[in-house]
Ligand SMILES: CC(C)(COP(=O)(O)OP(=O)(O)OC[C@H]1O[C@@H](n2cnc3c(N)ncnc32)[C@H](O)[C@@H]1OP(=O)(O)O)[C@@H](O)C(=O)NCCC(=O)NCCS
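Next up: just one chain, as structure tokens, the form predicted alone.
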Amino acid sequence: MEIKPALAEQARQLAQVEASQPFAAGWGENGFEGEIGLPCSVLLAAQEGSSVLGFICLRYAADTAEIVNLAVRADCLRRGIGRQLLQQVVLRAQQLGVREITLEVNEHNSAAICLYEQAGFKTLNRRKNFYVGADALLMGKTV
């Protein structure tokens, strides 16, 4: 498996990965097409050959950044792909001079919360009813 910057021609596969996860952001193919190449965005894809297994997207400005989307294909869970994507985007953020990374996660997404906590993210705040029927946890980490 390799982790590389996502390419425009992968937008459909990225959207399919996203659609396989109930808590993903729901960008769809057009959302990925719009995100790829933005100067303030890092969109990485985990790939085996030409197949996209997962992705992570980080937006940054000055010394702060936010992870805005992360998903791993449903049939590829429990292989450490999410952990590797998270590690790589944190490294990329550090290279860009980022000092603080935040994210929002559905309070019911226990797998993602566990992943983020293992990577050193702490819950900073709770946004009541941010999602339909659920709060969002605002998590952050100094890098």
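The structure displayed is predicted, hence computed values, not measured ones. Throughout, we count residues from 1 along the sequence that is shown.
What comes next is about the form predicted in complex with the named molecule, which is not displayed.
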The named molecule in the model of the complex: within 4.5 Å of a heavy atom of each of 23, 105 and 114? yes
Given 57 to 65, 92 to 100, 42 to 50, 23 to 31, the stretch touching the named molecule in the model of the complex at heavy atoms within 4.5 Å is 23 to 31
- Should residue 81 be classed as touching the named molecule in the model of the complex when contacts are defined as heavy atoms within 4.5 Å? yes
Residue 38 versus the named molecule, in the model of the complex: is there a non-hydrogen atom within 4.5 Å? no
Answer yes if any heavy atom of residue 88 is within 4.5 Å of a heavy atom of the named molecule in the model of the complex; otherwise answer no.
no
